[in-house]
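What follows is one chain in structure tokens, specifically the form predicted on its own.
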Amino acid sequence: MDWIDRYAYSNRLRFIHPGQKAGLALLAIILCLALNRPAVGVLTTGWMLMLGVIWARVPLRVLGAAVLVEGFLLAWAVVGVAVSVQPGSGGWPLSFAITSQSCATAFNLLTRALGCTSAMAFLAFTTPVVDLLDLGRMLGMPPLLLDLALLIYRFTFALLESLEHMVTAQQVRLGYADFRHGMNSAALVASRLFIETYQRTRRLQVALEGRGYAGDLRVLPGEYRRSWSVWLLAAALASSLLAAWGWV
């Protein structure tokens, strides 16, 4: 997660208004779902990769690897769609078959899902979470929900760092030399991480109450700029997807 956050803060679109970037990603997702064609999903994936690499200057090996991992997981998920289950014969209760129709359905589902996940990957690599929370405040989302999202996000990195230190300490003491010691070390790490999480939350609660917390974490809003390029790219994206849908 830390490397996604690193590029989200250092990309070229960092200070573009989060509403524009979120709107562009949402437009791609809506069109990818509404225009039920494999070509639309493939084209959406290409658009998101191109925008992330060329426009936002995120390295292709980073963004491409993220989309490739998502595609691999989605491919495993649609295997069940490609394999059809039918009543068996000859004493077998069920029979499994792969037909051209089931493969076409699975491929269509894979391309649509990959197009949507690539749009989400573009948003994740170009927009930090704090900007998305600012956008939520602009849209009038409940402050409690935004505060919980912010605290969970911050605690995730802190606990991952603590977990890494604990595992390293166990490794240098040969805590994972064999299966029995490994299970014992894993149990110790899990219990200690749970205790540390509870202690951190207690300290945070005391600190917030000492500073007059009244149900809303007041932070300074970010300074963003609006870009006409976003609207032009959105129009080009929508036109190309509609053209691909009509052509196919």
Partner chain sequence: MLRKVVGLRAFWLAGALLLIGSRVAWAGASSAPQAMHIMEGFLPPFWAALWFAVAIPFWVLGFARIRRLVAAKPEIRLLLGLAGAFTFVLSALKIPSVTGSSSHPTGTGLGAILFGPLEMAILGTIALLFQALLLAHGGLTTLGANAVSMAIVGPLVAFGIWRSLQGRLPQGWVVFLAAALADLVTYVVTSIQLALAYPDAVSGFLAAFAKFGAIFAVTQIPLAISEGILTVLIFQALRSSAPDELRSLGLQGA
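Positions refer to the first chain, counted from 1. Only the largest set of C-alpha atoms that superpose within 1.5 Å between the two forms is called the rigid core. Computed from a predicted model, the values in this text were never measured in an experiment.
Missing here is the form predicted in complex with the partner chain; even so, the following discussion is about that form.
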- Within 4.5 Å of the partner chain in the predicted complex, all of 120, 160 and 191 (non-hydrogen atom): yes
- Is residue 142 a contact residue for the partner chain in the predicted complex, using a 4.5 Å heavy atom cut-off? yes
- So in the predicted complex, does any heavy atom of residue 29 sit within 4.5 Å of the partner chain? yes
- Is residue 104 a contact residue for the partner chain in the predicted complex, using a 4.5 Å heavy atom cut-off? no
- Query: So, in the predicted complex, is residue 54 in contact with the partner chain at a 4.5 angstroms heavy atom limit?
  - Reply: no
- Task: Would you mind checking 181-209 for residues with a heavy atom within 4.5 Å of the partner chain in the predicted complex?
- Result: 182, 183, 184, 186, 187, 189, 190, 191, 192, 193, 194, 195, 197, 198, 200, 201, 204, 205, 208
- Message: Superposing on the rigid core, is the Cα displacement of residue 60 between this form and the one not shown 2 Å or more?
- Response: no
- Item | residue 204 C-alpha moves between this form and the one not shown by 2 Å or more, core aligned | yes
